[in-house]
Ligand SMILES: NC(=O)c1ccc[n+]([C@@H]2O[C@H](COP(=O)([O-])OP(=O)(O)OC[C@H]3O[C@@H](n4cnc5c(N)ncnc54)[C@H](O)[C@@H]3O)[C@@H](O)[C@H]2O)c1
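Quick setup: one chain, the form predicted alone, written in structure tokens, and binding and motion questions come after.
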Amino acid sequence: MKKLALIGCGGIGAYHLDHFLQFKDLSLAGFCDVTVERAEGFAKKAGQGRAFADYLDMYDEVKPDMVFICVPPTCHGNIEFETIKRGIPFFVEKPVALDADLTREMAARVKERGLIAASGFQCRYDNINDAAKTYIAGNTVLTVQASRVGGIPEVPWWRNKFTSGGQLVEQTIHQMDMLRYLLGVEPDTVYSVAGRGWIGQKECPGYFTDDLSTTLITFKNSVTATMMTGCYAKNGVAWESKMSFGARDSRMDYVLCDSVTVYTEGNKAAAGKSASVIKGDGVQDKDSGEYTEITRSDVDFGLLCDRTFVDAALSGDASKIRSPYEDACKSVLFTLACNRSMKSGCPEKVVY
């Protein structure tokens, strides 16, 4: 039986462990964390595997066949380089790094080694994406308006932009990645502005990051988009992570991890085909004649994401991975360009 190891036994590591426990064709051989007690807790929950405080010791002793890397953003680099050198297929949580040069170097080494590697953009595995892509294929999208507003995660490193990259890089990157994935085109330039001052040290000790930011994006096919994101919201005032795709005679609302709603005039389906092409609930407004098609998420896309990588590592066939490492690095470089724009005050080119 092939052996899986996990580096990083925090919240996101626990999310993946819950998936691993459903996989009966793997040995959960090693758990590593700088706080070894957390690794011991994972081993106890798994009912198997050994706990380590040093990933090098784990690699030497366990000799895993695949590894999941679930560490804070500033901890990337040496772990990946050692993993690549040993030829171990790996899955890494986003963002893969906070430095553009490091991101490019790791991607280059993965490509040079021909190693199976993926990143945790699990939203790509949601069943609502078929409906979204059907809409985009049948309509000329002119613009996208997007937002994500919530509160401050509890982990201390998230509160400092130096260690998290800020909300756009660490959290809203999921939507930035889905813009690339759904539109099927790369961003060209970004212009980002950020705001601070609403959240102070008294309210949130150790808080040194942007309260909100707004980014104007131009894509290589002339589509424009805006992304507004904020972590200023107190309980009850956050709103859904939605992206509205606008065409001349229709609109699609894409709510991350939830639903796709297509609005068209009359009974005409958004893709120019029968309404049944976009599976879901269809509703027509009697007064306006507006027709609505709704497709709701009904899959465990995080489980599918993990299982797809595991299957790739077991079989040697990575063709079904939807967020391969090299492509995931592009989404990271996309968001890092936004941070450069916030700092420079000028539009910035997205350079891969």
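Just so it is clear, the structure is predicted and the values come from calculations on it, not from any experiment. Sequential numbering from 1, following the sequence displayed.
Not pictured, yet referred to below: the form predicted together with the ligand.
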Quiz item: residue 70 near the ligand in the predicted complex, any heavy atom under 4.5 Å?
Solution: yes
Self-check item: Contact of residue 33 with the ligand in the predicted complex (heavy atom, 4.5 Å)
Solution: yes
Exercise. State yes or no: in the predicted complex, is some non-hydrogen atom of residue 196 no more than 4.5 angstroms from a non-hydrogen atom of the ligand?
Key: no
Quiz item: Taking the shortest heavy atom distance, is residue 187 within 4.5 Å of the ligand in the predicted complex?
Solution: no
Quiz item: Heavy atoms within 4.5 Å of the ligand in the predicted complex: which stretch among 106-114, 214-222, 246-254, 167-175?
Solution: 167-175
Practice problem: Would you mind picking the one in 93, 80, 126, 210 that has a heavy atom within 4.5 Å of the ligand in the predicted complex? | Solution: 93
Exercise. Using the arrangement in the predicted complex, list in sequence order the residues of 198-223 with any heavy atom within 4.5 angstroms of the ligand.
Key: none
